[in-house]
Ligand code: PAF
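We begin with a single chain expressed as structure tokens, specifically the form predicted on its own.
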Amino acid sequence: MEILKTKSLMQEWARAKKKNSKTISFVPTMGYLHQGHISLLEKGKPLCDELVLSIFVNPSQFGPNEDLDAYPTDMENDLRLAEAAGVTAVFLPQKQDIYPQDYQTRISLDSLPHHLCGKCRPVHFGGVATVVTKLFNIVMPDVAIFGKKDYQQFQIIRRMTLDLDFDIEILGGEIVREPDGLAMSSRNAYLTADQRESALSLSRSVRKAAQAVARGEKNPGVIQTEITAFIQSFPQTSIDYISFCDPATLEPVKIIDKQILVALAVRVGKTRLIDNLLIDPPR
């Protein structure tokens, strides 16, 4: 496994692989790897000749008073897990390599970022789209894999890749959960034991939504009222949003008569967690 710490070294590596007709799978991350990340690497490994992991805590996707400075890191463990997963190259850029002095360019999308998390994190998805565009140009992948836990991010990357004519196949990895149902997240490390119990309200809520739809409930407002009360019954929880929306456009739906996405963001203590589930109504 090669460790490449500059943009020029990563580009040189990628060009050499392309010259030898090698294909590249790519999993971009912010590090502090868990089984969710590993599942993306495992998905990408058999698809191409080479498997690249990037680790970069991207400052442009954090707003004021968010957790940029506190974001957890464990590079030694990340590299150990990457090698065990069969990664052939790890890209570890520094901030000045991605955003050099006088950097001025930003990628923006017209609609998708303005729903769900974008409402309370207005700079977030512009930062994500920008850094992913740069990483695509540096790593030159044929396939890139993103987790569906952040379903909005996944849809934004798919749309951006299509709109900007990147010749890259975008694949999604399913949410990986702890045995008790909690969606795996690097930010779970912030939770105390009591807060972790409250964090289970997210996964239990999306399951409650699925059960309500299975019973024939078509009014998202009715289900939202039910799961709002459920989440609020747990200590230290504060709801950012609960949304029932179209999976492609992320526009809210008024009636559940086809597949929907239920997505939510909840603060447990100071930790902001997200979860989602695609739900099909009964035929």
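What you are looking at is a predicted structure, and each value in this text was computed from that prediction instead of being measured. In this text, residue numbers run from 1 along the sequence as written.
What comes next is about the form predicted in complex with this ligand, which is not displayed.
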query = Exactly one of A89, V131, I175, A85 has a non-hydrogen atom within 4.5 Å of this ligand in the predicted complex; which residue is it?
reply = V131
ask   = Counting only non-hydrogen atoms, which stretch in 146 to 154, 196 to 204, 163 to 171, 101 to 109 is within 4.5 Å of this ligand in the predicted complex?
value = 146 to 154
inquiry  = How about G36 - does it come within 4.5 Å of this ligand in the predicted complex, if we only consider non-hydrogen atoms?
reply    = no
query = Is there any non-hydrogen atom of Q61 lying within 4.5 Å of this ligand in the predicted complex?
reply = yes
key: 4.5 angstroms heavy atom contact with this ligand in the predicted complex for Q224   = no
query = Does the 4.5 Å heavy atom contact test between S243 and this ligand in the predicted complex come out positive?
reply = no
request  = Scan 1 to 38 and write down, in order along the chain, each residue with a heavy atom lying within 4.5 Å of this ligand in the predicted complex.
outcome  = P28, T29, M30
